[in-house]
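Shown next as structure tokens: one chain only, the form predicted on its own.
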């Protein structure tokens, strides 16, 4: 008889997650090249037409580079982690982090993406960051590509639309694997790889004004990323004995709005399209249901000899994902639509929403974990989850973010329930343990952190760090291994 698990395992990896383009800054220091993220301007709310990162045209890129556009590009400056990483890591260590998820800025290592030799100053920076983490006993969890495609690859190949980018990505991965093989065990190949469906520029550095068929180009580019991911998974296992390589999906569990079979089938289809990406990474082959989808949408995947074997023989060791919301779909046009969820859908009357309209669904996380485990039987890692909200600094400098504590508490409770269900969950990294520039809106006022950063949407502030109430709460969660919430 199997004994049910009671709580989080002793070696559970608690920590926080970030991305280089949202916190490092120093966009033009020490030989770093420009990335696609450096071209994203801050758009004030009153001028914003959509919640997600905008697609950018080739002409706009030229105007930005020529200096004709006078706008703020917050991801170029981040929160200056580049110069303050020791201070920030000390705060993470004070919270008791077991793991810290960060990304390597590809253009800091290969400024154009297609360079033959790496930038030593960039390599040295991450040496120092990893050494600082290891000094405190914090495991680095490193994302190789987190919406940071070198701009040079966009200009030369239209990003991942060009198969040539595979070889440059593999060279980059091989370089950092060899450099950090004694410092980094856990790796992710691509962040939220499915986001390319919503934003080809964000996910793949693709300028859609340069393609004839966006859907065809997007899925072809994704094929290139799947092959590249499998190739570097193989490399990591060869170069770093004992390394663990994972994929990363923006998971949005989709519910039918009613028990009408039409709605149920619609939700099933949406879940298939979302889980296609983990099917590719964990099973190593195109699932049957995508054959019909491709045929009906005139998508033809062009493969090179050996692609199928590479995919099949180099599946990931674990599955990681972000979870912020669930989605509800209906075939009816009569139901009210949501305004905040990234993939649309109708309002779920049983859920509340965040300040940005993202529907809050802790039980959906338990459902997601169970569905992943039942489907793949591979270890799971929640590498993004958190609440973006407005924070108020009191006169004495304190920040009472009980709403953030409540959000995380309810999600961690459901993680524990999933573990009791038998799910193999190995870690949790809360998104944005320190306030950083928002990916989707390039603003600072959408804050996730346990640590407040004095910086506003217009780039004003001291960059001083201070603790919110949630800092001590999360510290206690980690110290008690999730028992005291």
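Positions refer to the first chain, counted from 1. On a predicted model such as this, the values are computed, not experimentally measured, just so you know.
FYI, the form predicted together with ligand BG6 isn't displayed, but the following is about it.
> Just one of 372, 147, 126, 187 has a heavy atom within 4.5 angstroms of ligand BG6 in the predicted complex, so which one?
Replying inline: Contact with ligand BG6 in the predicted complex is made by 147 alone.
> If contact means any heavy atom within 4.5 Å, which of 437-445, 418-426, 63-71, 25-33 contacts ligand BG6 in the predicted complex?
Replying inline: That would be 437-445.
>> Since only the chain is shown here, I'm wondering whether residue 324 would be in contact with ligand BG6 in the predicted complex (any heavy atom pair within 4.5 Å).
In response: Flag for residue 324 set to yes.
>> Quick check on residue 431: any heavy atom within 4.5 Å of ligand BG6 in the predicted complex?
In response: Contact with ligand BG6, yes.
> Heavy atom to heavy atom, is residue 401 within 4.5 Å of ligand BG6 in the predicted complex?
Replying inline: Because no heavy atom of residue 401 falls inside 4.5 Å of ligand BG6 in the predicted complex, the answer is no.
>> Can you tell me whether residue 358 touches ligand BG6? I mean in the predicted complex, with a 4.5 angstroms heavy atom cut-off.
In response: Because a heavy atom of residue 358 falls inside 4.5 Å of ligand BG6 in the predicted complex, the answer is yes.
>> Using a 4.5 Å cut-off on any heavy atom, which residues of 186-221 would contact ligand BG6 in the predicted complex?
In response: Heavy-atom contacts to ligand BG6 in the predicted complex: 191, 192.
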